[in-house]
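One chain is shown next in structure tokens, namely the form predicted alone.
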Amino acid sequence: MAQMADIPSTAAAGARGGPAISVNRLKMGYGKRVLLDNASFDVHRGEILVILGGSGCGKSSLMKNIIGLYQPMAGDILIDGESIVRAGPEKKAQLQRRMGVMYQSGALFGSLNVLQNVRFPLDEFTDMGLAEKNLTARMLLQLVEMGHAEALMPGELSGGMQKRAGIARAMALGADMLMLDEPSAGLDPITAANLDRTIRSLRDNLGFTFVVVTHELQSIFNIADRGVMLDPVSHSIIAEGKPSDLRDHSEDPRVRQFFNRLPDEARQATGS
């Protein structure tokens, strides 16, 4: 599928040395407002890295910096060793096609059925024939357990089905890195658990690298190999590691509070 769209296959990407993504001394924000400063971390090939933290800490903004939608204030971001920050338009587009993105709502086109939504990137960016594009889209839908739904319209889908279709579309151009923004948001526990299983399956069976933005604790423990926790007060990364280790062994009270779902003491004392 990836080779049809003239994009490197996942297996080929896994053969490269070095991390899939490197964030180096990143400073990001809006105008004069800084959300994150001097942040550095790597995303290893074939891992599921979760960006986590409370509301307003900059999780989604960090993901948008990584995929090149936002320009950082300072620092660099390397995709397979190449800077997406300093890349020219053609090179930047090439690097962006390596990273499939699923936004929080699934972001499906309401006027297209599921098959057409998944096929859309192939329609726009490849010269494949219609039969080949349909075959590719159907194979992707099978990977996310949506083969039965190809003729349905987005309005006929549940929230979980919309997100599965969004993941399938994110893979259409052969991306070997998938960026998911709040995939479990708004889903009931069973649907969220099924989606977690699909994410793990795509990593375990096909070798995808995932960067997942979420604050859903159960999903974090279900899927994450490693977590990077942002703090909105210090504008920094305050923890990095396996979520269960951070929950059980971190010496930072902010980290323990998040992973153990503890209320603020001040609010608890006032009853607010």
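Residue positions are given as counts along the sequence shown, with the first one as 1. Bear in mind the structure is a predicted one, so any value in this text is a computation, not a measurement.
Below: the form predicted in complex with a small molecule, not depicted.
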So in the model of the complex, are Y30, R33 and C57 all sitting within 4.5 Å of the small molecule, heavy atoms only? yes
Flag D80 as yes or no: does it have a non-hydrogen atom within 4.5 angstroms of any non-hydrogen atom of the small molecule in the model of the complex? no
Any non-hydrogen atom of F221 within 4.5 angstroms of the small molecule in the model of the complex: no
Just checking whether H215 would be counted as a contact of the small molecule in the model of the complex - the rule being heavy atoms within 4.5 angstroms. yes
With the partner left out of view, is N113 within 4.5 angstroms of the small molecule in the model of the complex by any non-hydrogen atom? no
Partner contact check in the model of the complex: of 236-244, 58-66, 42-50, 203-211, the stretch with a heavy atom within 4.5 Å of the small molecule is 58-66
Of these, N134, T198, Q104, T126, which has a heavy atom no more than 4.5 Å from the small molecule in the model of the complex? Q104
